[in-house]
Ligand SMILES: C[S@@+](CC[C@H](N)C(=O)[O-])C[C@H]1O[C@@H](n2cnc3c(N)ncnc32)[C@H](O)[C@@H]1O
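Quick setup: one chain, the form predicted alone, written in structure tokens, and binding and motion questions come after.
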Amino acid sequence: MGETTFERTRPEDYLTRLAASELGRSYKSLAISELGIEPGETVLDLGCGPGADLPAFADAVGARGVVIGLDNDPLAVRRARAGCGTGVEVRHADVQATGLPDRSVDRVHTDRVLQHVADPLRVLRETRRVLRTTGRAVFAEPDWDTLVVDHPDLEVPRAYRRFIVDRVVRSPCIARQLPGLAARAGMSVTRVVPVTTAFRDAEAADEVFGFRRVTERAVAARYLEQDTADRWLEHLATRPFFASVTLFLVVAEPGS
């Protein structure tokens, strides 16, 4: 196996590229299926980013439907607007306080958003508020504590994972917490679908995990020694590769 060159910086198209990755493809079509979108409905995508999912929602609702994407990043909003056609509204807004009327949407979707927000419970309560009584929400979130990477010294990938869980992601285990949070928000969870993606190509995995840039941060934070980190990256780049992580789709409806 030839040596792999890992990325040193996060590319600007990271979110779009992730959507097209093996991990993205493995759960996004399933999320749309679980949403059960009908023609003419209104779909709200909270934290839509550059709009990777908006065209699929627009196709599902058809000409009589409406798709609304919300994001608090002005650059992402501009990119989403540029890439969307008619029937799609992209707004600069806080997913924790959307400003939408009560019971005004049929379907709500989030994709790897709740792991980053300050108050996930507030987002779930906002979701329940804007959903119609017959509505449905699908929350797609990874559990970063499920990340495994093959390496002869198990303590090294454990340290790497521990750094991600401790220091990189605000709510790294939000997926396992979502059923309980949804209940606190007054919603009923109808299904939880685990989606585990296995990677056997280091370069493809690097597009998701950013091994070099995360490892460098782990060294700076003293989760890994520099010589250990160097050997870790060399092993990942030159030996047969395996890694996996599990993402969960949590399907919920407004409670009675």
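From a predicted model like this one, the values you see are computed outputs, not experimental measurements. One rule holds for the numbers: they count along the sequence shown, beginning at 1.
This next part talks about the form predicted in complex with the named molecule, which is not shown.
Visitor: May I ask whether Ala52, Arg112 and His116 each come within 4.5 Å of the named molecule in the predicted bound form, counting any non-hydrogen atom?
Guide: Per the other structure, all of Ala52, Arg112 and His116 touch the named molecule.
Visitor: Classify Thr134 as contacting or not contacting the named molecule in the predicted bound form by the rule of any non-hydrogen atom within 4.5 angstroms, answering yes or no.
Guide: Thr134 lies outside the contact set for the named molecule.
Visitor: Could you tell me if Asp94 has a non-hydrogen atom within 4.5 Å of the named molecule in the predicted bound form?
Guide: Contact with the named molecule, yes.
Visitor: Taking the shortest heavy atom distance, is Asp71 within 4.5 Å of the named molecule in the predicted bound form?
Guide: Asp71: contacts the named molecule in the predicted bound form.
Visitor: Does Val67 reach the named molecule in the predicted bound form if we count a contact as any heavy atom within 4.5 Å?
Guide: Because no heavy atom of Val67 falls inside 4.5 Å of the named molecule in the predicted bound form, the answer is no.
Visitor: Counting any heavy atom within 4.5 Å as contact, can you tell me which stretch out of 156 to 164, 86 to 94, 179 to 187, 99 to 107 lines the named molecule in the predicted bound form?
Guide: Checking each option against the 4.5 Å cut-off leaves 86 to 94.
Visitor: Give, in sequence order, every residue of 187 to 223 that has a heavy atom within 4.5 Å of the named molecule in the predicted bound form, or say none if there are no such residues.
Guide: Read in sequence order, no residue approaches the named molecule (within 4.5 Å, in the predicted bound form).
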